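Just the one chain here, laid out as structure tokens, in the form predicted on its own.
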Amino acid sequence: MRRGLAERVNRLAAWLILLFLVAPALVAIPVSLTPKAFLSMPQGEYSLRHFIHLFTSPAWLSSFWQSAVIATCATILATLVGTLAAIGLWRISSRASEVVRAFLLLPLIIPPIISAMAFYRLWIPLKLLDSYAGLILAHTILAAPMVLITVSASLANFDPRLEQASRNLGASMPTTLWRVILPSIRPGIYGGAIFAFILSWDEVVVALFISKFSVYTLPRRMWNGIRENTDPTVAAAAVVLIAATLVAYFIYDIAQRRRAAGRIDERSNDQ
């Protein structure tokens, strides 16, 4: 009886904490449906005019496209770099590799404003300011540690005997990497890629520093929309971002569940 009461209290506390964390983001949903031309809560009347403006405005559509291109390219590069770095550090597995790992994780620890200033100073002589290449490289550097963490977590559960068996059977290291290691750590790679995409898609601090006219990402347009004219289209864009994030999370969750179900089927077949 006491255990049942404790479980209900824990469940209630978990829901309250979840509501406390999510509630600020959910405010964007009713604000996006206001019929008024400024940020406000709807009072009896609802309108989709701001969503229509979001998907018909050339400026907003351009920002959507630019953010999608930058996030996709940064995700591909960050996934490649983060995965190879994680495998390399896992193979070396020494005190020096742990120092290198800590160094590679620095972009997650350093405050974004400091990273933005560093990118600004570095990109000036390289002539990468206000360019796709500059933002893609910056987002790759910021997102690669996320991939490094998720892939390292998958490698922690990888059985090294599988690699040894592959090598003993005559497979080369590239073949072992492609046919044995990468399929085994696929969930970590997918998870890191999703986190990298979300990080690049939502990033605004670095974009404010190193982009100006040629590149105008969606988070930057939302920032300027709030600061200059409190356009409710910003709330509509926020709702779209929340929806995209939830879709990405559910895709990852479904992939994880299918993989877990596949493992259970394999074990039952072995028995």
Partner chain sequence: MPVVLRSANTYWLLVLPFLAAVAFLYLAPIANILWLSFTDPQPGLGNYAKLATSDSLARIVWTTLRICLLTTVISVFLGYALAYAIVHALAREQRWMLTLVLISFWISVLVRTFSWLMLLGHNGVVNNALQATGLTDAPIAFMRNELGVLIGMVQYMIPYAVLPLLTNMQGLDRRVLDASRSLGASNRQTFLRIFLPLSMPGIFAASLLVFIISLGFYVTPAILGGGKVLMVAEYISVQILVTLRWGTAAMLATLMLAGVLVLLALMNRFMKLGALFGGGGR
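Residue numbers count along the first chain shown, from 1. Quick caveat: nothing in here was measured; it's all calculated off a predicted structure.
Just so it is clear, the following notes concern the form predicted in complex with its partner chain, a form of the same protein that is not shown.
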With its partner chain left out of view, which of 76, 180, 84, 171 would have a heavy atom within 4.5 Å of it in the predicted bound form?
84
Close approach of residue 223 to its partner chain in the predicted bound form, 4.5 Å, heavy atom:
yes
Hey, in the predicted bound form, does residue 57 get a heavy atom within 4.5 angstroms of its partner chain?
no
In the predicted bound form, does residue 215 come within 4.5 Å of its partner chain, counting heavy atoms only?
no
Although the partner isn't part of this model, could you tell me whether residue 187 comes within 4.5 Å of its partner chain in the predicted bound form, counting any heavy atom of the residue?
no
Going through 143-174, which residues have a heavy atom within 4.5 Å of its partner chain in the predicted bound form? Please give them in sequence order.
144, 145, 146, 148, 149, 163, 167, 173
